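Encoded as structure tokens, the following chain is the form predicted alone, with no partner shown.
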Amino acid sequence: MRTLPVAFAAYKWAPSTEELARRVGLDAFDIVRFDGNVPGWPAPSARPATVAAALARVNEYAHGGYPQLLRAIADYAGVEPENIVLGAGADDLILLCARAFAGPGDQVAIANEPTYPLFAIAVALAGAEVGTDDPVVTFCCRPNNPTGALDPLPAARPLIVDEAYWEYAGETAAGLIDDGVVVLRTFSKAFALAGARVGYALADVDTATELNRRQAPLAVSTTSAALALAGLADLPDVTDQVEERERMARALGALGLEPLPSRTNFLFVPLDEPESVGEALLRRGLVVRVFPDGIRFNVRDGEDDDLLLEGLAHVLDRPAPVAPAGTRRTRVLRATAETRIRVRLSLDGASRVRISTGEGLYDHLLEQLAFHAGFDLVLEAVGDLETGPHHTVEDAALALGEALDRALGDRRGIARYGDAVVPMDDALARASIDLGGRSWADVRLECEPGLAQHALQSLAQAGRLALHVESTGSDEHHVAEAAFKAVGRALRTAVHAESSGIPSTKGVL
């Protein structure tokens, strides 16, 4: 076995979420990661149904490779399938290019330092050295990681350009593959498939052929290929992330910070004591990447990013540029073979509600419940709507109930009981709630549009609450909406903090 240089250091992954949570005494559910440079949530196409056919044949090899995926990538990149090399993420392709272009005694140049550390690791593993004395190949990350800068493309050839973030920048070197340039891309960033480990290289036909000769057979799994193919059929729109990045940059400016200009999905903020800031954020459940001269974090969405802004303001002892989210809050991810539901809930909110499940009526009903409860709620779902609304509606209500249960904690100090009467034109609804920790649901809707009654029963089941609801009227929509509003008003009273003790003569709920 060839001896590696004494100074060689392998790539170091960040600790797991569970390990970080244990370190600071938090639940893993309370950890929000901003350190991976990936979107906050998977793509809608990343569903169990997407990989069902691949799983049905997971006992077999993908004989013949992945011609459909190669064709789809070629159409996306504006090349031909013969120009493409598949890999287990762009990292796999960085290692492949290093060992293909360089060997013992060679020098390899790395542009725009500081940059992605895997370049230097790949060079060492190939037996070469990093240097600028007649390099055999040059590596370039564009836009650059960790700075986010879109630096000029080096003139050196051959040139390997890592374009992990090209969708956010809108500029690519793909048009130069016939001029000695190899472009590396990934499905980890804009396509939100980091866990699937799919990447691809674009090169002239001769270079691509040689790289494929040196690549492992079937470097991508059948399930990962299915996820990538589904992603290409429903291309990501990074507009919201780019706009959120710019909003974050402005908010950081209001905090007196100066993030570097970025053409990626992350921001780098220079700091004098980045390690202490990163540790203080971690104690609040916020994970950023710490560098010697600053911190780097990716944007997620408005609600999550506001948590980070609020945390930074607290750590730096400066006025927060966003409204506080409250202390009784939680996050829940409920994933089954049929649905994926994510919930962010704050009991001490301002009725800021955003719900998107694909079932408009039930989105509206849950929105009314959360609004009248005074909650801040984001509930987003991806489900098998092709089979009907049942799974999505049920799991959305169960996920909301689980979030409510988690946000209440040991239920110390709450009013516990709540009731409300809500009229709505022809409809009249009455709701009574006991947050005593025992699940019970007696829901009587005189007429209802499908699954309204079942949704309330599911909420009570997962929320560990006793719920009595009666709603009468002639219009089924009014009957259901009045019932959900009444439940919301009753919850507003029941979750209200009014003491410091357990609201039970037993001393426990």
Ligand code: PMP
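Values in this document were obtained by computation on a predicted structure and should not be read as measured data. Residues carry their position along the shown sequence, with the first being 1.
This next part talks about the form predicted in complex with the ligand, which is not shown.
Using a 4.5 angstroms heavy atom cutoff to the ligand in the predicted complex, none of Y417, S432 and G488 count as contacting. Of the candidate stretches 101-109, 158-166, 233-241, 201-209, only 158-166 contains residues with a heavy atom within 4.5 Å of the ligand in the predicted complex. Under a 4.5 angstroms non-hydrogen atom cutoff, the ligand in the predicted complex has D91 among its neighbouring residues. Contact annotation for C141: at least one heavy atom lies within 4.5 Å of the ligand in the predicted complex. Remark: N145 counts among the residues lining the ligand in the predicted complex, judged by a heavy atom distance of 4.5 Å or less. Not displayed here, the ligand is approached by Y116 to within 4.5 Å at the level of heavy atoms in the predicted complex.
For the options N298, Q368, T186, T339, the residue carrying a heavy atom within 4.5 angstroms of the ligand in the predicted complex is T186. Proximity to the ligand in the predicted complex, defined as a heavy atom within 4.5 Å, singles out one entry of R406, R71, R284, R197, which is R197.
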